[in-house]
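We begin with a single chain expressed as structure tokens, specifically the form predicted on its own.
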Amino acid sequence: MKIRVLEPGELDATRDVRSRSFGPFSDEEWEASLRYTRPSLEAGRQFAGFDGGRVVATGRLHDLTQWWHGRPVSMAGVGGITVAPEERGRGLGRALMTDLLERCAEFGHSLSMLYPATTWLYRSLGWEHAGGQHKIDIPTEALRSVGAERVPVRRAGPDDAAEVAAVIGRVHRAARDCGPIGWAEAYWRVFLAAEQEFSYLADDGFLSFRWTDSKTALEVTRLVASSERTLRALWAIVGSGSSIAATVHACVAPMDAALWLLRERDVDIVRRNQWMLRVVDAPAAIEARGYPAGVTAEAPLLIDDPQRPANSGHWRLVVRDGEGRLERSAEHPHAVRLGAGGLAGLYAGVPVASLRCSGLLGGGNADALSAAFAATPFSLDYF
């Protein structure tokens, strides 16, 4: 199999293998998917594996940022991974992902994130479970009790793409969020033009929702705000549909403030899609990340990363004053030992005790690292 960048006119050649992998696409669905994937195609981020002239595998790398304690880190979102059913079991998926990992580094990304259809392959190459996309069901009637004062809110369209991206970024920065991703203006321009999405913009908040379940429910795909008054105003817009939609399916943070606005809340029905993280460039990722204020930690590390040898070896990790750095060091007899998966888990805030008990971390005293990397990662996007 030869893996190369897809040319602009070759995207339709991937339709067959994607249909065999994910189910058939109607012409309308295919055209809709192309609108979202075209920016990555034009940027040389769509890839395919060819056997002769036939496409047998596909993948793409979205150019994203990911917020970690309010700081954006360069991240490659891996999506559209497919292998033709009749070619599976030959190692093509591993070859494709190995190639894409190298391209992540070439593009200058410090991190990579993906939603796994199967875990073992990605884990064997250094991706590890890190966070989730959480969807909760809320009775629409319950939102009618969310009182709201008048806040300037307007409908958002394609011409608002840059402002939408900026507002969402300011919300995640102010909240010191961990995990949410930032899309470029080109993505928002496509999203805000979609007829099925209804979007609203405030000075410090953004709402997007669609009708679902044969138009008997609402799906809130994103609702973020920096102030209580804007949060209430945007949820009030959603709750105004209670006479038609009995239920709201909402994608929220695990500790979203909206969950404390509800007058009645006894049992949460939550669906969680797991996502995995990979540290591509360890020193750059540590430096770019934010850390809890007032936490200090220092530890010698021994990292073993066969797929990214530049990450391997002895390091000294220092976290202080909300900043982190990873510096080369001499061998240390009591170094904390981590593979690529353990490093990803630590970065994502998995407690040291959990990493140690699962075999992802070993060696010296790493207790202080749990506080330094403390996080509850979540995502509001699926790609």
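Because the structure is a prediction, the values reported are computed rather than measured. Residue positions are given as counts along the sequence shown, with the first one as 1.
There is another form of this protein, the form predicted in complex with a small molecule, and it is not shown here; the text below is about that form.
The contact with the small molecule in the model of the complex, taken as any heavy atom within 4.5 Å, belongs to Y115 out of Y115, F198, F107, F191. This chain is drawn without the small molecule; in the model of the complex, the residue among R265, R271, R155, R94 with a heavy atom within 4.5 Å of it is R94. The small molecule in the model of the complex comes within 4.5 Å of a heavy atom belonging to R90.
Interface residue remark: W120 is counted as part of the site for the small molecule in the model of the complex, having a heavy atom within 4.5 Å. Interface residue remark: S370 is not counted as part of the site for the small molecule in the model of the complex, having no heavy atom within 4.5 Å. Contact annotation: I81 falls within 4.5 Å of the small molecule in the model of the complex, judged by heavy atom distances. Screening 256 to 264, 121 to 129, 208 to 216, 174 to 182 for residues having heavy atoms within 4.5 Å of the small molecule in the model of the complex returns a single hit, 121 to 129.
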